[in-house]
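Listed next as structure tokens: two forms of one protein chain, kept apart as structure 1 and structure 2.
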Structure 1
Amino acid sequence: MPTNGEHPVVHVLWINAGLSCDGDSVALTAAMQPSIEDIVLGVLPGLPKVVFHWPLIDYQNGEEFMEWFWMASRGQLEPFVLVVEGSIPNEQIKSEGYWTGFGNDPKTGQPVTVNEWLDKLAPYATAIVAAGTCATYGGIHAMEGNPTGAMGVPDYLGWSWKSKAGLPVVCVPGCPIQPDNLSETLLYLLNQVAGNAPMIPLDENLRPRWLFDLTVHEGCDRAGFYEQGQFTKEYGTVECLVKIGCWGPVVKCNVPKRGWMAGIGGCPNVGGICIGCTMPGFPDMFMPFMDEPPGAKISSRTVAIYGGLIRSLRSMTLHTVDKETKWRHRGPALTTGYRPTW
């Protein structure tokens, strides 16, 4: 095993072939705190040597590239962190073919499905990171009426799954992921693998606590308008967006506070409604996105006087949207509402 001083080399194996848009890979190239160069060049103190096997920028191609995954599946790559991007389709709902493949099976010449890769790699991974809302909870491709039966990595592996090092699936949601939220979580895990950090603190939906504990609303710079009861009916103004579709009060996400890149951009802070893209209930429970969220009516009218009551009403809504829809599951039945033609 290659080593760097006392620390082993940590391999990061990245599967971008879930049902995804690759937006989370692209997001990682945007991250600056830390950047991918910082991690690869090892410029942060205490960081172990890291080797990425990441389709988006890898020098290698084809089986030269895939060989790392095969080695890992035989237990010959140690330690490694597996990053999964994209939702996991249900390959059991049909008799032939594949929804998504990653490399080929040398025996059959057919694509190896992402599901098979998860089965092969999960037992050996020190940690699995689900990057982006598709991988964490199913996301957009798991919308009602979808034909693939898509689900998140924890739905596939089981919510109580633990890696051999005792880590649950680490979920970093976001559609796409906020760039620094991903690179920072990777940094934490690499430090944990190197023995520099204790167990990563995760909440009940397996999100890093320090990133996802607060709601959008709690970090929104328009909350002053909310408090003053100034709700816009039009896009493009500076006031609170709740009447035109902002779900900020019940969504866990740090984007309005952190901005999108270098503090720039975001959602409600820059005039975009929060559509709940980090949430297990995304997208169905937030659609139609441009309508006022149900429940916003009372809460925005009475906010000043009944702060405490509002908080408890809100936690009820939060409870609903913080749960996935019921059709994201394994098994031979497709329950999304789509009637298969195959």
Structure 2
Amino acid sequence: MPTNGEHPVVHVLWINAGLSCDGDSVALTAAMQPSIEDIVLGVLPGLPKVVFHWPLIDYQNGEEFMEWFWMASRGQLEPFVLVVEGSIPNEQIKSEGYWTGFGNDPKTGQPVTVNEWLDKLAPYATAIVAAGTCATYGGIHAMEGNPTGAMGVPDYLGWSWKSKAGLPVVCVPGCPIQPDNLSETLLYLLNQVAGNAPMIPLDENLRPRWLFDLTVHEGCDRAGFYEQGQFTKEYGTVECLVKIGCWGPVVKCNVPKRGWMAGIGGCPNVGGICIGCTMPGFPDMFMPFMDEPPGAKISSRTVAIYGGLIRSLRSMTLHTVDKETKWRHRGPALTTGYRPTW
């Protein structure tokens, strides 16, 4: 096995052939903390050498590209991290054909389904990362009434599944994913492989805790308006968006705090409602979009009463502090209260 100093070369095998729009691959190219270039070029101290086998950027193609996946399926590539993008269709409900495939079997010339790749690669993977809401929890393709039986990677492998390194599926949701959330998770896992980090801390839905512990509301620029009972009824204002459909108070996501790119953007920050795309129940549990969430009907009315009182009290305080003190003036007398000690 090739090495870089004391550390092995870590291969990142990326399958983007699930039911997906490739938006998570595209998003990752915008990551800055760290950038994908930082990881690939090895400019970060302590990281092992990393080789990406990623359809979006790989200069290899055809059989040359696919051979890395076949090597991994035979247990001949060690260690490797498998990244899956897109939801996993249920191939068992197909009487003919297939839902989605990734490369061809050289023995038969037939497409290899994503399900088959998961079956082949999961036993040998050091870690599996489900990138984006489709891969994590099924996403749009798994909504009620879909014909594919689509699901997330944990649904397919099992929520109690563990890699040979003892890692469950690591889920980084987002539709599409917040770029730095994915690059930072990959950075953590690579540090773990190198022995520089403890077991990655995940929540009950297998999301990295440090990224998804807080709700949209807790990091939102508009949270102060909610507290004061100020809710907008139309787009384009600065008040809280709950009454026009924002699910921010209950959705686990750090985008308002982190922004989208270079700290800029994030759904509520730019006037858009949160529709819950980082949650396992998305989209069904959050529809219809742009209607006031059920819980918000009670909470917003309660907060409106409390917030009205708070605004009145703060207005009174504002009138006492939004003025200069009386001792700032010209003239021969010093009225600041200073008393000389000599």
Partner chain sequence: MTMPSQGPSGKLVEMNWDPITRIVGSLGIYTKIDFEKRKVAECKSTSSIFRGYSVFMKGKDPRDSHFITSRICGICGDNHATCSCYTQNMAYGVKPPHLAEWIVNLGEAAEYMFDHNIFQENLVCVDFCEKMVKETNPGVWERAAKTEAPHAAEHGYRTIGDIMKAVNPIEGDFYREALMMSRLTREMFCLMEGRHVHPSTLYPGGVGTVATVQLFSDYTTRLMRYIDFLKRVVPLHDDLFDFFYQALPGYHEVGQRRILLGCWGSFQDPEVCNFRYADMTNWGRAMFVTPGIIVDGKLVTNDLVQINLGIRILLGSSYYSDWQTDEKFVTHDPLGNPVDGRHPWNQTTIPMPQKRDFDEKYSWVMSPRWYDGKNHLALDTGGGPIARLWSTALSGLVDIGYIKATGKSVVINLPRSASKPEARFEWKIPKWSNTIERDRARSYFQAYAAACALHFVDKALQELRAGRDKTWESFKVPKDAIGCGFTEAVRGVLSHHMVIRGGKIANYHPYPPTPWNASPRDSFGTPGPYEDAIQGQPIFEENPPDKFKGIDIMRTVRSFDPCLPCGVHIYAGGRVIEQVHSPFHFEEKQR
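Here the structure is a predicted model, which means the values were calculated and not measured. Think of the rigid core as the biggest set of C-alphas that the two forms share within 1.5 Å after superposition. Residues are numbered by position in structure 1's sequence, first residue being 1.
- Legend: structure 1 corresponds to the form predicted together with the partner chain, while structure 2 does not.
- With a cut-off of 2 Å and the rigid core superposed, N16 has a Cα displacement that falls short of the cut-off between structure 1 and structure 2.
- Shown is the Cα shift of K323 between structure 1 and structure 2 after rigid core superposition, which amounts to 51.7 Å.
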